[in-house]
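Before any questions on how it binds or moves, here is one chain, the form predicted alone, in structure tokens.
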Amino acid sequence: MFFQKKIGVLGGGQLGAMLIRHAVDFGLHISVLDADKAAPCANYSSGFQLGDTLSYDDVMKFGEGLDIITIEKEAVNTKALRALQEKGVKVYPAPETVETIQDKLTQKRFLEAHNIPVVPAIEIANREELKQHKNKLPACLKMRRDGYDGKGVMILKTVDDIANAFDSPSILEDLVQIKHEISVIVSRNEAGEVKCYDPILMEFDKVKLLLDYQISPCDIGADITNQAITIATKIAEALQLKGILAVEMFVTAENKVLVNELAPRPHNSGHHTIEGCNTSQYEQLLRVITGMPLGDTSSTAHTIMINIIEPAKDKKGNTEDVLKAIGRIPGVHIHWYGKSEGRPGRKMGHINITAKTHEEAVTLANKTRNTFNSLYEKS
């Protein structure tokens, strides 16, 4: 029976913790590998093991007693995952999928080879080589590996910015006129069944380059919606995905949809699905890896998700007072990640606000944001 399977997750962050929460509903026991003994998953898994997800030996040792392995971050050792797969361990997503997405250049070339619309980019070896392409500025510089939550991304406006640019393998993308940033979470199982969630509209903090809040469902028009879902489905098929995938996209001023980046795991842009959809992204991943049919992805409410970002220490209010205050607002669902410490700019949790209409959701979100800001982040 599927609930007797031994399941492991590489990565012990909040995404893994939310996966564990949903695994309880299925009677599943989840083991976790992470290098941080204070990682959120350490609070919720009796099978928590200390180890480096990028270490071949640590991943092999962790995985040899398991039936199934999945990931909650891309920074994992795929050679070990291949070796475990050869030993009969089921790996979701496949190591090949993770390898394609881990490197932003490989990811982009894969998408181009499958006629997926992307932002044009060139390969940059280091800062010195970047100087040879000053004619392409302004542009967006992205490290090829290990970027997340705005880290590893910078806008280069002028030649003067090159002095502070990444001195590591990167890609230099054209700047496009962006009207919207959207995301589609797509799932595909071993039988080839594919289901997409409705696109969500994302708004980013322009300084921190972090997702600030998102709206679901969003009013981007039927044509853009259909384009986004078609693209996400095409990528899932091209990758022969077994798992879930976040497809982040740009909608240009000319209403063209371009793929920005992929994430082959639960994703921040899918948090709204916990309270706002019939099946959450976490349950959907569990359905894939346990061989169950995919769940219904339709929305059950108008949802606005707000990230909780740690402010500077001298501007931080009392966390307990903040959570009590916003907890009095109807439709507010608090997700606090239980991280051991906060650093300025670190995601500490998120808030899902659900309502019967978009207008009601916006009103509640504004009240929540104003209450939160007045108590948590002092000016």
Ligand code: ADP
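All residue numbers refer to positions in the sequence shown, first residue = 1. Please read these numbers as outputs of a predicted model, since none were measured by experiment.
What comes next is about the form predicted together with the ligand, which is not displayed.
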| Partner proximity in the model of the complex: Asp174 to the ligand, non-hydrogen atom cutoff 4.5 Å | yes
| field | Partner proximity in the model of the complex: Val257 to the ligand, non-hydrogen atom cutoff 4.5 Å | value | no
| said: in the model of the complex, is there a heavy atom of the ligand that lies within 4.5 Å of any heavy atom of Lys151, even though the partner is absent here? | reply: yes
| query | Is the gap between Glu283 and the ligand in the model of the complex 4.5 Å or less for some heavy atom pair? | reply | no
| query | Taking the ligand in the model of the complex as the reference, which of Ile178, Met292, Val194, Ala165 has a non-hydrogen atom within 4.5 Å? | reply | Ile178
| task | Using heavy atoms only and a 4.5 Å cut-off, determine which of Tyr92, Tyr213, Phe110, Phe250 is in contact with the ligand in the model of the complex. | result | Phe250
| field | Check all three, Lys142, Ile155 and Glu261, heavy atom within 4.5 Å of the ligand in the model of the complex | value | yes
| query | If contact means any heavy atom within 4.5 Å, which of 219-227, 293-301, 237-245, 166-174 contacts the ligand in the model of the complex? | reply | 166-174
